[in-house]
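Here we start with a single chain on its own, the form predicted alone, put down as structure tokens.
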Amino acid sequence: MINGSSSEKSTVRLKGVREGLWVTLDPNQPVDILKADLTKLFAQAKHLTHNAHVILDTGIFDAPKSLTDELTRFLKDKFHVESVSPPKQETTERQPQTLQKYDMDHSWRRQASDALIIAGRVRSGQKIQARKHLIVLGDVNPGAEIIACGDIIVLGSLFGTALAGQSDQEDAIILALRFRPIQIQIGGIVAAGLPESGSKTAEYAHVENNAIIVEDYLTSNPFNRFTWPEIR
């Protein structure tokens, strides 16, 4: 595998595979920077790029078409590659053993994430919003409000208000190491004044039969039913 300069983190990685050349890149970077890093790596590969098939991996399936089209033209015009295509999408119906082999073979690939991770105490009067999942490395005080379109994970004490699955995502969960919220909401379902459970382990809230249920996370792990890791 060829990487960029060690003194400066590259936005592009290049690896030879059976199908040709596999290019992994960060689609959030400016196109000029991507082109510059591509030029460095393809120059190192020299004759291997001529008439090669290039797999362009942005880490997400909905990368902007304008970006992939521009980089395709760039690679064909400057380095005379034969073709450029995205990775084949893997289906979830494949057997776990096959998925595991694929995962190990491509362990260097990254997956873009929409999770917001914050560290520190969320104090009274503060409001934190995440467009997907929210992870708080700290406590959420009474009077604080945390909101996410997906799951909420508090690696600390949850004393404030937490709204997950906004809006209408009732498969979301709210988890905290110490679960004592003033009020929680998952999707459109609200629960307030939850009784003290006395539990000394992590607890999580989820929706069941149109009601919010709080359970011990270690005892009732909601993800044990998955036969293989899934992206949330």
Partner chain sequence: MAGNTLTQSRCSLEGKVIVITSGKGGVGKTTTTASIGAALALEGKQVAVVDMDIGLRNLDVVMGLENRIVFNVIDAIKGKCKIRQAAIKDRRIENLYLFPASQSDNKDVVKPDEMVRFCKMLRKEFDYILLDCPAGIERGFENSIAPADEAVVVCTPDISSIRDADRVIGLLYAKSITPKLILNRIVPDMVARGDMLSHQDVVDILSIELIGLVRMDDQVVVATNTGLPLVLQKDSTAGEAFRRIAQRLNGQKDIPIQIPQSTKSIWKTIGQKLGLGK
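Quantities reported herein were computed from a predicted structural model and do not represent experimental measurements. Numbering follows the first chain given and starts at 1.
Quick note: we don't show the form predicted together with the partner chain, though the next part is all about it.
Asks: Is the gap between residue 123 and the partner chain in the predicted complex 4.5 Å or less for some heavy atom pair?
Replies: It does: once the partner chain is placed as it appears in the predicted complex, residue 123 has a heavy atom within 4.5 Å of it.
Asks: Residue-level contact is defined here as any heavy atom of the residue lying within 4.5 Å of the partner chain in the predicted complex; does residue 87 satisfy this criterion?
Replies: The answer is no: residue 87 has no heavy atom within 4.5 Å of the partner chain.
Asks: If we define contact as a non-hydrogen atom of the residue within 4.5 angstroms of the partner, is residue 143 a contact of the partner chain in the predicted complex?
Replies: Residue 143 belongs to the contact set for the partner chain.
Asks: May I ask you to check whether residue 159 falls inside a 4.5 Å heavy atom distance of the partner chain in the predicted complex?
Replies: Flag for residue 159 set to yes.
Asks: Heavy atoms, 4.5 Å, the partner chain in the predicted complex: which of 75-83, 130-138, 147-155, 115-123 makes the cut? Say which one.
Replies: Contact-bearing stretch, as computed: 115-123.
Asks: Sequence order please: the residues of 174-190 with a heavy atom within 4.5 Å of the partner chain in the predicted complex.
Replies: Result: 182 alone.
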